[in-house]
Structures are given as C-alpha cells and as structure tokens.
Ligand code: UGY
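In structure tokens, one chain follows: the form predicted alone.
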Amino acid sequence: MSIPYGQTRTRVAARHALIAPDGHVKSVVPGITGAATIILINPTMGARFAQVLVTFEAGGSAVVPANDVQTAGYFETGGATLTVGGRKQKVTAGAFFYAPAGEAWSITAPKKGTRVTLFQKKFEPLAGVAAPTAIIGNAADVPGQPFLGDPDARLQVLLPDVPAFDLAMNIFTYQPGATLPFVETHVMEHGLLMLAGQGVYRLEDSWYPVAAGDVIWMASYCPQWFVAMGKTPASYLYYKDVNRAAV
C-alpha cells in the first residue's frame, strides 16, 4: 500500500508508539555487517530496553562480544547459523534464542532476506538465584495455550517463566474476532512486532489499525487492548520485563 506524500501511520507519544514500516531508517550497529539494521525502540524514546530489526544480505553477520546486555531473538524469515553460549546450530524461520549477559553470540551465513528481531536489556541479577543460561529453540515446538481460557486467543511462552529471567518473549495468536479479554494496565513494559494478520490496538485513548510489520512500544501502565480483524488469524511477537522487585 502506497502512503500519500508527507503522511505516515507512525505515531510516537510520551508513553506509547506505533512504528510503521514506511518510516524505517537504517542505523549502523557495531558487530552487525551486511544487513539493514533498524533500531525501532530504545531508551532515547523513554523505553528501558531496545528492539532491533535486522534484515541480512547473503554473507552478512552479527557477531556480538560478551557484555552486560542480554539478548532474546526471533527469526521471522530465512535461516542462518546461530552460535549462543558455545552451542552452534543451523536455524530456520520460527527459531528463537536467548543469549545471557556475559556471553558472546553470533548469526552467520544467513540466507538473503533473513529477518531477525532482537530484544536487548541490561540484566538485573536476583540475589540467591543463578543467572539464566543460553537457549536455542523453535516456536513450532512450543504449544499455544488458551489465554485465560479462550481457545481463540493462544499464547506461546518461548522463554522459561522462572525467577532467573527478568524478561519474557512470547507469541500471541488470535483467531479473527478474538480479543484481549479486558483493557490491561500493568507495570510491565512491552515491545511488539506484528507477525501476521491485522487488527486494531488501543493504546491509552488512541486506537490504531495495525498489520504485519508494525511495531508497538507500550510503557509501563499504558492501557492496552487488541482485537483481531479480517479473515485470517493475527499474531504478534512481544517482549515484557518480569520477575523483579516493585521498588
């Protein structure tokens, strides 16, 4: 769909944002070469994490040395060789990974057009709890569970829901007409990528039509609600911060 000159669906507010693909601008990120890298969400807009979209050319790579940032990633398309925590594996679309703070990771030999979303956050250790370890998996192996008993709204929890993790990465899939059961208002912050389908997202007092490729930032306590529309299921990948003290 073409966008009339000087117009965009992108909206950036104090506590939420809709980032539409029509406004993407490439950035140079150390360690990532042979790729279009788009920084979609990061602390300069008020977020406490970063969400980055990387689309690789053939021969591109992401080679990230050990540092104090943890990374959760999802392969939306394509495939590559993924190395995390000393484990090396060929992966395809639907693969996900978790690289703990303090461990190097890399994506090499990608197929042209391989698209990966990264969520990055400085790790907050929890006293008396061992830090999480590296993970490589595929969403196809994670069953979708009915959300609050609704079989038309299914949640796939990709990372372990245990106190060691201070972030979560999930996939939510809705049948046409399915909704979040109520307007959520909570301390958790979200970064979201629409993977498929379309719908309407309520963010605070604004209502946004959304479709595959759109990205949403929701700050803590941003009222939020979603309805899937159209004739095909709608799904999105999302991040949230979890399992840490309230003060």
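All residue numbers are counted from 1 along the displayed sequence. Everything quoted here is computed from the prediction, not taken from an experiment.
The next section is about a form of this same protein that is not shown, the form predicted in complex with the named molecule.
Visitor: Can you pick the stretch from 172-180, 74-82, 105-113, 128-136 whose heavy atoms fall within 4.5 Å of the named molecule in the predicted bound form?
Guide: Correct option: 172-180.
Visitor: Just to confirm, with a 4.5 Å cut-off on non-hydrogen atoms, which of 217, 56, 49, 201 contacts the named molecule in the predicted bound form?
Guide: Filtering the options by heavy-atom distance leaves 201.
Visitor: In the predicted bound form, does every one of 186, 224 and 238 come within 4.5 Å of the named molecule, counting any heavy atom?
Guide: Every residue of the spot touches the named molecule in the predicted bound form.
Visitor: Wondering, does residue 147 line up within 4.5 Å of the named molecule in the predicted bound form on heavy atoms?
Guide: Residue 147 belongs to the contact set for the named molecule.
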